[in-house]
Ligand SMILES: NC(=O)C1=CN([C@@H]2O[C@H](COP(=O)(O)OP(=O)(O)OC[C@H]3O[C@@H](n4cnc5c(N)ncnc54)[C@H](O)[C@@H]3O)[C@@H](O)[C@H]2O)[C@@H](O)CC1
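Only one chain comes next, encoded as structure tokens, the form predicted on its own.
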């Protein structure tokens, strides 16, 4: 098992070229946030913006518009009740799930995303989307995405894979991943969130995160990680190393903040990301 560490992150987070514009750093679409769980998609969007996504668009329930405009004016918003096909086609990276819920609208959105994502795009399934997929795994087998990222915590992985938390060993996890995608895992990455998050790569390699702390055990932390992963994939490319660096930076930011605080809020991690990325890119 390989370690996800600072050296790896430094190889990914590099100084930005002088000749840059927002289009160089990814068009990220985040889909989620029903009337009850708007905070989840807001935290994911905040993480994407603060982690360097060039253009961030949030498709959500209109009840969340005012909060998003007030807290995160850098992000565009649109009504997720409308046809999302055109917006999906314009995006490099699509993150689906934070705060989406499990109702009829959530199913409609998830199926639309799975139908319209293309071979030149990256799709990240997080939170509610994972629970929905556990009920209809055929949606995974028929995906045409160029890169697929799953970001479950252990209970979500139990529901999706059928493996109890106590039995989530590496071989069992890899076998379940292959089963979910009918053996076609060349473009699939599993980020299994835990005390020491493990990343299962399409290469067959397994990586273990070297950072993280108990102060990060709070609601919204996974939404924030998903947003960071989306931003890194958008600006550093649809590569395994982009995912690994995002996992490390999320936890490293938490570790830095934990030195002077009993707990770490997800929004604090997002706010800290520009400073961390600057340090990693220049030292």
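Numbering follows the first chain given and starts at 1. These numbers come from a predicted model, not from an experiment.
Although it is not shown, the form predicted in complex with this ligand is what the next lines describe.
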* Structure fact -> Students should find that, of 105, 71, 159, 208, the residue having a non-hydrogen atom no more than 4.5 angstroms from this ligand in the predicted complex is 159
* Listed residue that, although this ligand is not shown, lies within 4.5 Å of it in the predicted complex (heavy atoms), from 134, 81, 187, 154 -> 154
* Using the partner position in the predicted complex, report whether residue 128 sits within 4.5 Å of this ligand, counting heavy atoms only. => yes
* Asked: residue 85 near this ligand in the predicted complex, any heavy atom under 4.5 Å?
  -> no
* Decide whether residue 165 counts as a contact residue for this ligand in the predicted complex under a heavy atom distance cut-off of 4.5 Å. => yes
* Should residue 46 be counted as a contact of this ligand in the predicted complex, where contact means heavy atoms within 4.5 Å? -> no
* To do: Name the stretch: of 174-182, 91-99, 137-145, 107-115, exactly one has residues whose heavy atoms fall within 4.5 Å of this ligand in the predicted complex.
  => 91-99
* **Neighbours of this ligand in the predicted complex among 210-229 [non-hydrogen atom within 4.5 angstroms]** => 219, 220, 223
